[in-house]
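Below are two forms of the same protein chain, given as structure tokens: structure 1, then structure 2.
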Structure 1
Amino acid sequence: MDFQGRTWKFGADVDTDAIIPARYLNTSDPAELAKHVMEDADPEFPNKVKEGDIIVADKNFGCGSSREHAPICIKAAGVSCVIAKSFARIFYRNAINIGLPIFESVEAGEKIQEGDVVKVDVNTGLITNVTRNEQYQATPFPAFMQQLINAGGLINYVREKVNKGGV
């Protein structure tokens, strides 16, 4: 599986309140949350982001609270994946649980610029910056985690297993 999209660049230590401000947590509807994705980091972002776009960030993306709303609203906004130098551990786990592909690469986080078109190979972690004709390596997911992502998250993965009689 590959993703290709236009990139949006954010800095270091983007916390979950910047991803989805707490004032909108009175709903758990993904479509409603998506209307406010990243608006405290960039007020126009919810209006600019398009299906398949990619978020690129510096270190410690998703720090702060443990709320699953943060990766849910990113995914619901149509962002295909997030690339960062590093992720907060709870965000990392929540992203995998809801089926949002995330990739850690220091080089990609440094070199990709906003607006670049980037292609990501989910299986190998190879990131190709189509705009700049460069490649960077992210840590690929183990096979089991790829299955979770391909299923659309942990709940869908388990549902598929139960329906097939495999659990």
Structure 2
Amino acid sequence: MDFQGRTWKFGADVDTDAIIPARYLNTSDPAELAKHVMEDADPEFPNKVKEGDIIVADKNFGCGSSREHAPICIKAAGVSCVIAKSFARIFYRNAINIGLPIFESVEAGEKIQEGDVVKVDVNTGLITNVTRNEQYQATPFPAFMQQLINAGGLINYVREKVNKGGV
């Protein structure tokens, strides 16, 4: 499967408060949260972002709080995937658990410019910059994480395990 979309570029250490400020966390409704996605990093972003767009960031994307509302609102806003030089640990886990595709690539984080159209091969992690005619390779997931992704997230994985009497 491929994603192709317009990119929006963010800097280093984008924290989860910037992704979804706590003042909106009195709900867990994804559509409601999506209205404020990335608001404290770019107040106009919720109006600008379109279905299928891709977020590209520098290092340590999603640092700070454990709020799963962060990847949830990015996904609910229609963003197909996030590419960053690196991800904060809890955000990384949360994104995989809820089925928001993420790709780690220093080169992509460096070279992609805002507005570039980028194609991502979900299975291989090959990122093609259509605008600049360049390619970057994302770090592959460990086998177990690929299993989680293939199962459609952690809950599906655990449910399968429970049904097999594994727990």
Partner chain sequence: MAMTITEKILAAHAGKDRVEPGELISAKLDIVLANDITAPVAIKEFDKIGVPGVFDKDKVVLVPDHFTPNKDIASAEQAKMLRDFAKKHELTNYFEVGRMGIEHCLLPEAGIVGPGDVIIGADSHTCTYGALGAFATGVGSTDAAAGMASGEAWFKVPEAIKFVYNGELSKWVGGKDLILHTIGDIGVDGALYQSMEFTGEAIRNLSMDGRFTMANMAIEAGGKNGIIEADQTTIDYVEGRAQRPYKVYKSDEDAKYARVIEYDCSQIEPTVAFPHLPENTRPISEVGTVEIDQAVIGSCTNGRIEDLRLAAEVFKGHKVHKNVRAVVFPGTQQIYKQAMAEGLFDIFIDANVAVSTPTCGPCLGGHMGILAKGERSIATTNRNFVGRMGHPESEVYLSNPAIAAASAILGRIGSPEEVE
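Here, rigid core means the biggest group of C-alpha atoms that superpose within 1.5 Å across both forms. The shown structure was predicted, so the numbers you read here are calculated from the model rather than taken from an experiment. FYI, numbering is relative to structure 1, first residue = 1.
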| query | finding |
| --- | --- |
| Pair member which, unlike the other, is the form predicted on its own | 1 |
| Per-residue C-alpha change between the two structures, residue 9, threshold 2 Å, rigid core fit | no |
| Core-aligned C-alpha movement of residue 151 between the two structures reaching 2 Å | yes |
